[in-house]
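Given next, in structure tokens, is a single chain: the form predicted alone.
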Amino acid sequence: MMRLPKFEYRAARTVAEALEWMGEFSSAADKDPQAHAMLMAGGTDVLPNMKHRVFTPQVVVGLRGVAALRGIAYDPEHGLRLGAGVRLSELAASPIIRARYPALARAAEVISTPQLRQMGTLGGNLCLDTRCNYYNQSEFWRKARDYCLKRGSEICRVAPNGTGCYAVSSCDTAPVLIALGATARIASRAGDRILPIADLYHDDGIHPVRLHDGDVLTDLYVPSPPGDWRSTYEKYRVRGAFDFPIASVAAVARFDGAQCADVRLVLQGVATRPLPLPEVEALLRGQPWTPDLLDAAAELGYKAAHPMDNTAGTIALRRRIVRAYIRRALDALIAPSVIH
């Protein structure tokens, strides 16, 4: 049995209290392995990683009791407001989200298992640590094989001649929110700031989320979809439950009759961050979607994906999944059942 390391747990009652406690430590919210303090919402990612000694914080600041981080509200003019502490099970079951943002509901309902969705939160999923076969192992395993770049070594075990860490972004909600044009509110002791979800991530497997020391993700805002907007999320995983995506695609499109007025596609599970596909979008935008065009779009997405050999499935398999699942997502967007 793997046991948690010793740590102090502080249950915050307000965002301000969490910020004050986090301010006592020099490094925390970016999930640096050497951090002295960490934020935790549902704990479905933080606690297992602590058992593996991936994280060994001295203090864990709990956000579960912060009422201001909960709630789902929709306004036809301004769109959707989601508290970062909304549970994934609430997100998947919400009638508003299922009706207006079906891809987001779908992404939430295919995360892990019912028990973990009942604990895990939207903010926690967005801040999910990147994953790698060399990194997400026990301390005993890592020590026997030698550490990787993300755990203090000078080289990446996946790509020894590479220039950085290639651990994979695996949070299911991020690609959907990026495709929907969502923004996030970040609280800090210096004040709040709002940034697009797309800007929350960068190409760094060690520190994939752009949160400064002591920042707290508090709210997500999703615009109200005007006109004939449709959305879907297609995810491939080894097992029908529990597993992280080997490859997935979020797709959102708006149609003017038979012609595509706008479209956004974002891949997940194939890079250190969610991967938009602007070239594929440019090919599809302004065109009626014929079978040949959709095949060409899927092929272009296949060429854009360059996964590393650091998760389940071979590189060739994951790239073939990208091609097949882009086509599946595009087919779903032109099916009447996805119209909302």
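Computed from a predicted model, the values in this text were never measured in an experiment. Position 1 is the first residue in the sequence shown; the rest follow in order.
Below, we turn to the form predicted in complex with a small molecule, even though it does not appear here.
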property	result
Close approach of Cys171 to the small molecule in the predicted complex, 4.5 Å, heavy atom	yes
Distance check, Asn125 to the small molecule in the predicted complex, heavy atom within 4.5 Å	yes
Partner contact for Phe140 in the predicted complex: the small molecule, 4.5 angstroms, heavy atom	no
Close approach of Pro57 to the small molecule in the predicted complex, 4.5 Å, heavy atom	no
Residue (of Val46, Ala305, Val66, Leu277) lying close to the small molecule in the predicted complex, criterion heavy atoms within 4.5 Å	Val46
Partner-facing stretch of 191 to 199, 92 to 100, 235 to 243, 257 to 265, counted where any non-hydrogen atom is within 4.5 angstroms of the small molecule in the predicted complex	235 to 243
